[in-house]
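Shown below, as structure tokens, is a lone chain in the form predicted on its own; questions about how it binds or moves come after it.
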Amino acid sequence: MNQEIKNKIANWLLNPDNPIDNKEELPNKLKKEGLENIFNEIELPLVDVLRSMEELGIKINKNEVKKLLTKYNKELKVLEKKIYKEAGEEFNINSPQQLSKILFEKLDIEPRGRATKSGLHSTRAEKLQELKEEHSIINLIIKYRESFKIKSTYLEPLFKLGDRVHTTFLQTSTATGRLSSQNPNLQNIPSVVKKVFIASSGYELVSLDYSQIELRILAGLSNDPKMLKAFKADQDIHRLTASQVFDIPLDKVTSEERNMAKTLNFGIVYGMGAVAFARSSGLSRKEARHFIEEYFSDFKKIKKWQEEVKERARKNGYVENLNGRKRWLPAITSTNKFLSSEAERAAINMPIQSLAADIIKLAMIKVHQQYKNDDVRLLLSIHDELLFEIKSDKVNSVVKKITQIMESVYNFPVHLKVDVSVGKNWADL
């Protein structure tokens, strides 16, 4: 590993939002900020793991890509005709300006919010979602955009590549330490496209996914007794949350109530407020606010922990995880309410998401060290999931060992549970 890579990683660790270039001072600064362990035990060993994954790549079924392209091209033509019929004329559906004029001038749909500087109203996805009930053309446009994105962002680029896709993993691109990927980005692949990613001959694709790791970390960091008890008993945490918030027995919780609780459980990790929760759950702002109040009434230690994190961030100017990984948040004391609120949300999320990122990196390193042969191939790291290619006759024995590694790689008060799926293509997992 050359010095340039080491300097880049060190710079990023010292200030992930705005790395500075001061090579001579880097070792001293790492020591001063308590980041030497993360640098030496996580980030540097990870470089070799990522290099191996990038070189190996993941196999794709080019025939399946071609079939999907044909299907989506046909679907887009059908949707185009329907949209033109509703609009009464042909226009460029992918042009925000032309679409805005059709919707809000020709069809006279009542827009949400103010016009932009250009004098036109926004046609962004969230705005169209708010208008779904106003005109039948809106749902057609939403569907068209979804299909067009799958075709242009995923299928067409994949079709131009070889039989194995070699993404580039970005180790120093996020403020929380999470890995990302590019050319192509394989971390946000739609389910319908996952079927084109397949196992090599003689292998199975195996997904090992940390189950609700961020909620488990939240339970451990906040020391909330109800959450800790639920995870210890291996309960359905979303059903429990709904039971608590709605004050009903566990067995009386409906699917809708559980889904609302699930949305809020994961939203709490990101510091979600009433407006965002209302938008994602379909509740009114008043209902969403009440739901959040009830949540914190039942899980008091979580609210207490959040307030303590924000206070420390305001005092220190940064927030850190259990390993000492830091994120500087100067905007948290800003008089601009929007900037300070954004910083507070980042402060709440960082200790959770960054610890989850550290844990999966440690697991990747340990598995890579354990399996040097070709029986086990680590292909992808997707947030809380590791995707492997494992020799078909070795799957059962190897999966048990990797599961054990992943669940025990980090000493934490809440059990880290791993879910396993096996199949011939990624969509089967």
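A residue's number is simply how far along the shown sequence it sits, counting from 1. Note that this is a predicted model, so its numbers are computed, not measured.
As for the form predicted together with the DNA, it is not shown, yet the points below apply to it.
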Option touching the DNA, based on a heavy atom within 4.5 Å in the predicted complex, out of S280, N259, S200, N223: S280
Proximity to the DNA in the predicted complex, single hit among S211, Q235, S334, Q98 (heavy atom within 4.5 Å): Q98
Determine which one of 305-313, 111-119, 224-232, 83-91 lies within 4.5 Å of the DNA in the predicted complex, judging by heavy atom distances; exactly one does. 111-119
Indicate whether R216 is a 4.5 Å heavy atom neighbour of the DNA in the predicted complex. no
With heavy atoms only and a cut-off of 4.5 Å, decide whether G317 touches the DNA in the predicted complex. no
Any of the heavy atoms of A125 lying within 4.5 Å of the DNA in the predicted complex? yes
Taking heavy atoms and a 4.5 Å cut-off, does N185 contact the DNA in the predicted complex? yes
If the criterion is a non-hydrogen atom within 4.5 angstroms, does every one of R178, Q353 and D384 touch the DNA in the predicted complex? yes
Going through 186-213 from first to last, which residues have a non-hydrogen atom within 4.5 Å of the DNA in the predicted complex? Q187, N188, I189, P190, S191, K194
